[in-house]
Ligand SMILES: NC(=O)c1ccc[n+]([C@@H]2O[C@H](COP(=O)([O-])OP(=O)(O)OC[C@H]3O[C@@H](n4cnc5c(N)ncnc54)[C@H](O)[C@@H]3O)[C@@H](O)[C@H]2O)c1
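One chain follows as structure tokens, the form predicted alone.
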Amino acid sequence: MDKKKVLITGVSGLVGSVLAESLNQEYEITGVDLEESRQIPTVKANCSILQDILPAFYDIDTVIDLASNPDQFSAWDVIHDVNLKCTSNFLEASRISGVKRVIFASSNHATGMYEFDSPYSEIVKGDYRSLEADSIPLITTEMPVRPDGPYGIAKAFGEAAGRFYSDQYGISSLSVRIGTLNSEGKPINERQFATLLSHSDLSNLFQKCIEASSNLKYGIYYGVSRNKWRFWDVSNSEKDLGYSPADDAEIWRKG
């Protein structure tokens, strides 16, 4: 059987590099980015310019969109000129090219303000006194967005724009609110014992999104590993996608 053709925008970044390496055996992976990937064929183009990226979208089955400035502390002018344009262009290029499924790399920062509420504020500081891991009220994707800055607002925009392209044009649009994915693949501060998304769980989740039923037209899912102190709900990804995270950040807990 012919392999599905998957395009990754922003492929030269950390998330793109992990996905390109892990998914390259199962799919025909190509990329588009300002910098050429060392792993897969890449169209060098500025994702904030629609006409420049359109050739990369031809004859593609699924697009994974990672193109943006990844700095969560980016100023408004950067978010406006880069992130919002890249997101809207990837959706429009997908529509023009007849792409059937788009997977938007959203972020936990679309709901980051919840972390200032108890018990999440204690968990991110590693203060587990009086808390029981199995009794934490989980933050679900049905709860209101609460961005913690312009970067998070842009991610909420991408989720909403994906909904429009699904309703208006019939594109299957899935958004993954990625937790903490770092180059080390393990927690490097207290917060990350709750928010870590391991490299293998990331790859598993995105593959589940690629392979999900064509009847699944829209969904938002938290990308997080099976951490003891996780406070994001993944039950809808288990139900819709068959995704069950395997890794627990506690294996790196000292002592």
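In this text, residue numbers run from 1 along the sequence as written. None of these values were measured; they are calculated from a predicted model.
One more form of this protein, predicted together with the ligand, exists but is not displayed; see below.
J.: Just one of 194, 205, 63, 67 has a heavy atom within 4.5 Å of the ligand in the model of the complex. Which one?
T.: Selected option: 67.
J.: Taking 4.5 Å between heavy atoms as the contact cutoff, choose which of 154, 102, 105, 93 touches the ligand in the model of the complex.
T.: None of the others qualify; the residue that does is 105.
J.: Has each of 6, 41 and 171 got a heavy atom lying within 4.5 angstroms of the ligand in the model of the complex?
T.: Negative, none of the three is within 4.5 Å.
J.: Partner absent here, but in the model of the complex, which of 141-149, 172-180, 158-166, 124-132 has residues with a heavy atom within 4.5 Å of the ligand?
T.: Among the candidates, contact is made by 172-180.
J.: Taking heavy atoms only, is residue 54 within 4.5 angstroms of the ligand in the model of the complex?
T.: Outside the cut-off, so no.
J.: Within a 4.5 Å heavy atom cut-off, is residue 13 in contact with the ligand in the model of the complex?
T.: Although the ligand is absent here, residue 13 would touch it in the model of the complex, with heavy atoms inside 4.5 Å.
J.: Is there a non-hydrogen atom of residue 45 within 4.5 angstroms of a non-hydrogen atom of the ligand in the model of the complex?
T.: It does: once the ligand is placed as it appears in the model of the complex, residue 45 has a heavy atom within 4.5 Å of it.
J.: Do residue 33 and the ligand share at least one heavy atom pair within 4.5 Å in the model of the complex?
T.: Looking in the model of the complex, residue contacts with the ligand include residue 33, since a heavy atom lies within 4.5 Å.
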